[in-house]
Structure formats: C-alpha cells, structure tokens
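One chain is shown next in structure tokens, namely the form predicted alone.
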Amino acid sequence: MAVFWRLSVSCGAKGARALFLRTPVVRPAHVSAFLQDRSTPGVQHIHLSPSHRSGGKAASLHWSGERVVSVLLLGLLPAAYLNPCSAMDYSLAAALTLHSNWGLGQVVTDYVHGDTSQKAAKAGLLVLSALTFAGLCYFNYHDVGICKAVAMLWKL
C-alpha cells in the first residue's frame, strides 16, 4: 500500500481543501520521490524531446506550416473537384508531396534510431519526395492530370 501525503502547496499544513475541491489533493509518495530524485544511478530516464533538437521558434514555425498545409488541403480538395484545371493539378502535386514528406519525416524521426541511419532515412525520404513531385508534375503535363484522373477513377 502506497503512502500518501498531502500536497503542501494546495492543501496547507492543516489539511484544508484544495482550491474548490471537497477532497484533499493527494498523490503517492513513490511518484513524488520519482519526480524529485532524478539522480538515481543505473536508471535511465525518459526524455520526451531531445535538448539538441528543441529549436524553439523554428519548431513552432514548422508546426504552424504543417497546420497551414493541412488546412489548405482541406480547401484544395473540394476546389479541385469543382474546378479541375492545371493550376489545381500542380497545387495538389505540391501540397500532397509536402504534406506526405512532413508526415513521413516524423515517422522517420520517431522510429529510426541512430544518427547515421536517421540521416540516411531522411536523405532517402527527400529523394522519394522529389521523385514523387517530379512524377506528379510529369503526369500533370503529359497526361490528364490529377483531378481528371481521380474523376476517371470514380466513374469506374
């Protein structure tokens, strides 16, 4: 059985109620000891984000860019259906390639371990994304385009 202690900041020494709760705020002592003692020898601590990759402003701008492209795709797909033209085809090629490159880049970041393998996987992803964009542009220029191809698939 875990030993509980009252949260001294919220509850006070006499066991007053925390903020507007009717029961005192408690947490297990072993959890609080884990949160306070970070220097346990032989124990590997989990870090959610590596310190050498936390870019602050750049990461925030990248996240905002990903959201803008996602929202752009939400509007671009119905617009491409209603008005199929070459501008829509090339816009879809660029937005879909960028969106998939960023998404697969996160998969590489999360699941490929080791500096060398991660760099190789990201280089391969960059080559794959460039070939995808080039292939979609080739398809748009030399064939019917993305919008009409999807419409033709829906007619089947």
Partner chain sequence: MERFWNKNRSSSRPLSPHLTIYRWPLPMIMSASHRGCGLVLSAGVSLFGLSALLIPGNFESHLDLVKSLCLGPALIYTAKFALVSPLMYHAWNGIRHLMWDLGKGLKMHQLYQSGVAVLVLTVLSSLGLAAM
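Numbering follows the first chain given and starts at 1. Just so we're clear, the structure is a prediction, and the values are computed from it rather than from any experiment.
Another form, the form predicted together with the partner chain, is not on view; read the next lines as being about it.
Query raised in the report: So, in the predicted bound form, is Gln106 in contact with the partner chain at a 4.5 angstroms heavy atom limit?
Result: Output for Gln106 is yes: heavy atoms within 4.5 Å of the partner chain.
Report task. Examine Tyr141 and determine whether its closest non-hydrogen atom to the partner chain in the predicted bound form is within 4.5 angstroms. Result -> Tyr141: no contact with the partner chain in the predicted bound form.
Requested in this report: Could you confirm whether Lys122 comes within 4.5 Å of the partner chain in the predicted bound form, counting heavy atoms only?
Outcome: The answer is no: Lys122 has no heavy atom within 4.5 Å of the partner chain.
Report task. Look up in the predicted bound form whether Gly65 has a non-hydrogen atom within 4.5 angstroms of the partner chain, and give yes or no. Result -> Gly65 lies outside the contact set for the partner chain.
Report task. Could you run down 82 to 105 and flag each residue that has a heavy atom within 4.5 Å of the partner chain in the predicted bound form? Result -> Counting only heavy atoms within 4.5 Å of the partner chain in the predicted bound form, the contacting residues of 82 to 105 are Leu96, His99, Ser100, Leu104.
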